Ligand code: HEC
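The chain below stands alone and is given as structure tokens, in the form predicted on its own.
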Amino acid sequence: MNPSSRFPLPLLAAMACMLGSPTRAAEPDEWKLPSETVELRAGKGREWVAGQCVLCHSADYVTTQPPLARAAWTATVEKMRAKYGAPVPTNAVPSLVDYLVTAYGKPDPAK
């Protein structure tokens, strides 16, 4: 059976355009991430947060969060680990949260 008898010519042409030329190798896209313009606040654990959190998103994402209490920062870090696969070891969570609470959080009401 002739393929053109099953498919109209415009459809065959559109399929050929979508598939591209089989003899040409696909060229990789050229793109570059924008430069980081925001720095994390100074504090104990800053380097750890920069090494763990900024692997996946910008420092700006951290710095623009509303001031969160310890429980909310803990839940956020755990969500990043569980839902998004952040490579944060379990034993590092308290250090990350300590920095985030100190630099970008609400003071604990008990203190």
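Numbering starts at 1 and follows the sequence shown. These numbers come from a predicted model, not from an experiment.
The same protein also exists as the form predicted in complex with heme C (HEC); that form is not shown, yet it is the one meant from here on.
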Quick check on Pro89: any heavy atom within 4.5 Å of heme C (HEC) in the model of the complex? no
Give a yes or no for Ala82: in the model of the complex, does one of its heavy atoms lie within 4.5 Å of a heavy atom belonging to heme C (HEC)? no
Any of the heavy atoms of Val101 lying within 4.5 Å of heme C (HEC) in the model of the complex? no
Should Leu55 be classed as touching heme C (HEC) in the model of the complex when contacts are defined as heavy atoms within 4.5 Å? yes
Heavy atom within 4.5 Å of heme C (HEC) in the model of the complex: which residues of 64-80 meet that condition, in order? Gln65, Trp73, Thr76, Val77, Lys79, Met80
